[in-house]
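Presented as structure tokens, the chain that follows is alone, the form predicted on its own.
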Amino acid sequence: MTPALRTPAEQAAWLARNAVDSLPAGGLERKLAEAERERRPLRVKLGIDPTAPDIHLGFTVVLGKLREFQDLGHTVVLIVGDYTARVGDPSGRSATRPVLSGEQIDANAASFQAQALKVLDAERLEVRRNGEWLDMPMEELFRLVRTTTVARILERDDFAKRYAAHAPISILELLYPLLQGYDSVAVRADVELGGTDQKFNLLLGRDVQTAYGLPEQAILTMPILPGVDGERKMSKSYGNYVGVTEPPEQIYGKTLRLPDAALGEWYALLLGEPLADGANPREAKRALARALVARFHDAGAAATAEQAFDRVHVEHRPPAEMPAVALAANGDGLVHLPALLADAFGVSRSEARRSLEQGGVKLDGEALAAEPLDRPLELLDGRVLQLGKRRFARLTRV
């Protein structure tokens, strides 16, 4: 809940309390004071490139900060980078990003925008696509690129490392920070937010605004949430993410995989509160998992997800609900197990064989031997097939 904050100084201190950078010093307070004098809301910008269709918990850290600005009466300008996504943000990258098709970008953008409303207030939200202004004449592009130098762009840590290692850097990637800066010109941003990996781009945006005769934006950078592996930043490409639209059971189960060492960061960044001294890690993870499921679903779903988790992982019983998979036998009435596992769980047949050899496949809770690979349909009908710890299917005769 937003506290009662009377002065711009109090508001600036509260908004910056869990940020990494608030630049320039005193800049946010001055912007808030200016908005108060002029009786207008600040325009608070976040740019998102729709390179994936789903929002994960890492995105909600900065979205939550945007919501705090909204709760103080300001306008969030969410820029969906349908144009910059064609370039690919090089932030934190050691290689050139793959190029997405226009259709993929449009589909991702629609999904991302809908999911952002799980955190943001639609009444104080302006959504723009930077294709509106970046599809510019060459003369305007020339004006933009004159605002900085190659040396300035190569100051970026990721560019500097790639340049030193003789790794490819495309001209388009060099343009990316300028295009992001021009977004701030187009929407007349007062404040821009981003992760710590965006600091260079956000600061360059101030330079671009100055070149176009506009007041410079203040910037806030937010910490980057570690993934469920507790090591690398949360990312779909690393497979260590929790999506906000995932089923309650998946959000709950993935959260419980978090290493104890990362619990404090998750509490601070996702719940906005410290992890209690001496807290039992197991119970703290359960409380965190319940809170996250309740936030993106509801309290009832959180309770059900916890019960479902305990049924499988504590009581060692199959889940109450699971998909049904039809058995397909050959002419001898035998079912080929690798083919069955591939159909049931979407794995390759070679992966299915490896799981059988490693004892990772169970039938009604008992490990299946690796041989024979063909089993009578009658012995499988109506039973529960399990792959690993979390995937189950009920086998049924066609």
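Here the structure is a predicted model, which is why all the values come from computation and not from measurement. So that there is no doubt, residue numbering starts at 1 and follows the sequence shown.
Although it is not shown, the form predicted together with the RNA is what the next lines describe.
- Heavy atoms of Lys285 reach within 4.5 Å of the RNA in the predicted bound form, making it an interface residue.
- Within 4.5 Å of some heavy atom of the RNA in the predicted bound form lies at least one heavy atom of Pro168.
- In the predicted bound form, the RNA lies within 4.5 Å of some heavy atom of Pro259.
- The RNA in the predicted bound form is not approached by Arg383, whose heavy atoms all lie more than 4.5 angstroms from it.
- Taking the partner from elsewhere, every residue among Gly253, Ser348 and Arg353 has a non-hydrogen atom within 4.5 angstroms of the RNA in the predicted bound form.
- Of the candidate stretches 189 to 197, 305 to 313, 216 to 224, 73 to 81, only 305 to 313 contains residues with a heavy atom within 4.5 Å of the RNA in the predicted bound form.
- Checked against the RNA in the predicted bound form, the residues Gly360, Pro41, Gly26, Gly64 give one hit for a heavy atom within 4.5 Å, which is Gly360.
- This chain is displayed alone, yet in the predicted bound form one of Pro247, Gly264, Pro281, Gly131 has a heavy atom within 4.5 Å of the RNA; that residue is Pro281.
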